[in-house]
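Here we start with a single chain on its own, the form predicted alone, put down as structure tokens.
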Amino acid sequence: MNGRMLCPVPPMGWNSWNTFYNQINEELIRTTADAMLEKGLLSAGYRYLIVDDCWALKERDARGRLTPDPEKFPRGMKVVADYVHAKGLKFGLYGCCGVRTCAGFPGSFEHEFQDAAQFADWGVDYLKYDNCHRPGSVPSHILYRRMAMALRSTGRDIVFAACQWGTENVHEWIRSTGAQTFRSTVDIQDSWKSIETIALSQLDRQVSAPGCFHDMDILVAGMYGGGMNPETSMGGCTDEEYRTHFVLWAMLGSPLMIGCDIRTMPEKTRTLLTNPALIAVNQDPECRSCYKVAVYGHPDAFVLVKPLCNGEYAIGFFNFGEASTSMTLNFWDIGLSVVSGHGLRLYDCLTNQDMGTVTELLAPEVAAHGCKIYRCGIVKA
């Protein structure tokens, strides 16, 4: 450990769960690592490659150690981690605070320090730590504190991603455990309804700050109803809905963990996921929360305003309704009165175009389930 903050901004990467479920193996991880470089994901900021549940044998070995499934990972997990590291990436692995993982593999309950040492020996840089099958008499905050301490005892920098699902008032205590991220929602599915439900649940519960971020779950952008996971792979979304999904995750400060098969993703998905203006909003060093502004006459529409560094703002318009609509934001509702003599210089983060200076109000037309997002600077009108 070198004394620096482990997660000053939300972590970015790829996770195997949404698309590949239990069909994971060394070849998948190697080719995905290759694709993260070839598709420009690493250079865009996606550093973590995470192997989710179903990587281990169903039972521990005679010494009580977790054992990678030899059919999936015949050369063991350190070889896989070394390959990922050789690509300039960070390696992530899945664990669980219960007796069993969600898919029924060995959990780390009462094995926390043993497992943490093993993860460190393998070269793990990120631990996703789930919340299934824990004893009902033990509050989850006890078990997350325990694994956080175990990870710190190894002397290795390992991001602790607490997949706690937003229960037991997790927002009130998770930061004090030492976790760098915490799941604050139910599991996501590849559907607009799931995206909508998760986003709305987080608007009034944003507690992210440098060092610890609320996690709205893995991105489904680019899945298009595919994948092997029966829990995640629903009917898919439109390109408009995936765009809104990514913009919301960026604005709300969630970790950006890609869940589609990046080896075969279409160019439009790659372009969305590597959009530098959207990533810059998510990775802004001040890590400020958004505030919501209602849109008069449109109960299914709202505006989010996020302060950024250098005196700038991100302003997002979101239409959860079923028809395209003109959404009006009066600038006095965000503190910029007409008599101030100032306006907003706009940059469209989706079209990558300068929009000039606007005063008094902004009223874009926003498609059903769509969004607009602008980076704004305050200037004299």
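Numbers follow the displayed sequence, beginning with 1. As the structure is a prediction and not an experimental result, all values here were calculated from the model.
Omitted from view is the form predicted together with a small molecule, to which the following refers.
Not one of Asp190, Glu240 and His369 is positioned with any heavy atom within 4.5 Å of the small molecule in the predicted bound form.
Of the residues Val79, Met234, Cys102, Ala277, just one reaches the small molecule in the predicted bound form with a heavy atom at 4.5 Å or closer; this is Cys102. Asp217 is the sole member of Asp125, Asp217, Asp115, Asp284 with a non-hydrogen atom within 4.5 Å of the small molecule in the predicted bound form.
Among residues of the shown chain, Phe73 is not one whose heavy atoms approach the small molecule to within 4.5 Å in the predicted bound form. The small molecule in the predicted bound form comes within 4.5 Å of a heavy atom belonging to Trp165.
Although the partner is absent here, Tyr94 sits close enough that one of its heavy atoms falls within 4.5 Å of the small molecule in the predicted bound form. Though the partner is left out of this view, Asp130 does reach within 4.5 Å of the small molecule in the predicted bound form, counting heavy atoms only.
Stretch 46 to 54 is the answer when you ask which of 341 to 349, 316 to 324, 46 to 54, 60 to 68 has residues with heavy atoms within 4.5 Å of the small molecule in the predicted bound form.
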